[in-house]
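Before any questions on how it binds or moves, here is one chain, the form predicted on its own, in structure tokens.
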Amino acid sequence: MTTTWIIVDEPGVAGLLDTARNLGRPTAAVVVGPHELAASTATAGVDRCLWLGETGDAPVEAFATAVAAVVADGAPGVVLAAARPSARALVGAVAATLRAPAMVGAVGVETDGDTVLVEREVLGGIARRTERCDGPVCLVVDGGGVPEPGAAVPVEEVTAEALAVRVVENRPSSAPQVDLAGARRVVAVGRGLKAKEDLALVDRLAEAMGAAVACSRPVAEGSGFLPKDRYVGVSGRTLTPDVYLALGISGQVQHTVGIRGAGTIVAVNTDADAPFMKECDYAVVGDLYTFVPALAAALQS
């Protein structure tokens, strides 16, 4: 029987594990990062946990060749990686070594004997296509949040040599870092927000909800109100929160494709005919500048 492999470079792998479990095959993890990451992965429900040792001053991407060698020796069937830049680099090296297809936008995976059926979004998310793979396949999927710990398996340390790349300087971003992938509630703003200073209203609501703040692409790349790692959509983040509250976002498919897996979607817009009003579970026709303070006050009371 082939093995499902997950590539771990950060703690957020609950989505990878859910996908792996649904395949009903042994699951192995290859971990690139500190020992603490390997230890937490070993309690996440995998059958094997292989760790490439401390990375030192080498970036994660420098271990791409080593990761590919480990996976290639482990009877891979499906190889899963999160939609993060470093994980994409690692799974790309695996795909090249296995001479296997590398697919993005996967929303469903199942097996039929030795065949893997992959359902994925195409054409910017407006359609879905099912593809049949008769050999190993590498998939980039939503990483999800941090999995709940359970019974541990041994951490197997593998001797690995990094490529000759070293980190010479780190410059932390001045923007606050938010774990959008792991957030169970998300408040997102669009072009209905008139000024950057008005984000304070949204922040107060998010705090009252216990939510993270995200946005549509124009808010990040056009007005620059929020960092680019906060925008949701086909070229941004894909999220699966329990609640997604969209404020002043029209709801074009380029955005909504990023939240198709959300549990409950609430849209607030002054335009009753905005596309989001037909896509959401609850629609509020109104001005976010009236709605947001009112909801925040109600929650805080």
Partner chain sequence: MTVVVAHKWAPNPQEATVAPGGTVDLSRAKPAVSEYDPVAIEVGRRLADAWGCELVGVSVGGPEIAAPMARKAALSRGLDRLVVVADERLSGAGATPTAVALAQAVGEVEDVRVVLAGDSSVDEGAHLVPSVLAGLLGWPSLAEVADVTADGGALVVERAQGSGSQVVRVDGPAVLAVAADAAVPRVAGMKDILAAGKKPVVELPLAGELPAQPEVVGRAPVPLAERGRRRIDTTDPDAAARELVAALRADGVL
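Positions refer to the first chain, counted from 1. Here, rigid core means the biggest group of C-alpha atoms that superpose within 1.5 Å across both forms. In this text, all values refer to a predicted model and were calculated from it rather than measured experimentally.
What follows is about the form predicted together with the partner chain, which we do not show.
Comment: the partner chain is not present in this chain, but in the predicted bound form one of 195, 200, 151, 126 has a heavy atom within 4.5 Å of it, namely 126. Although the partner is absent here, residue 18 is not a contact residue: none of its heavy atoms lies within 4.5 angstroms of the partner chain in the predicted bound form. Looking at residue 74, you'd find every heavy atom of it more than 4.5 angstroms from the partner chain in the predicted bound form. Within 4.5 Å of some heavy atom of the partner chain in the predicted bound form lies at least one heavy atom of residue 100. Mapping the unseen interface onto this chain, residue 229 counts among the residues with a heavy atom inside 4.5 Å of the partner chain in the predicted bound form. Scanning 276-299 for heavy atoms within 4.5 Å of the partner chain in the predicted bound form gives 277, 278, 279, 280, 281, 282, 283, 284, 285, 286, 290, 291, 294, 295, 298, 299 in sequence order. Residue displacement note: residue 222 has its CA displaced by at least 2 Å between this form and the one not shown (rigid core superposed).
With the core held fixed between this form and the one not shown, residue 246 has its Cα displaced by at least 2 Å. Comparing the forms between this form and the one not shown, the C-alpha position of residue 17 differs by less than 2 angstroms, with the core used for superposition.
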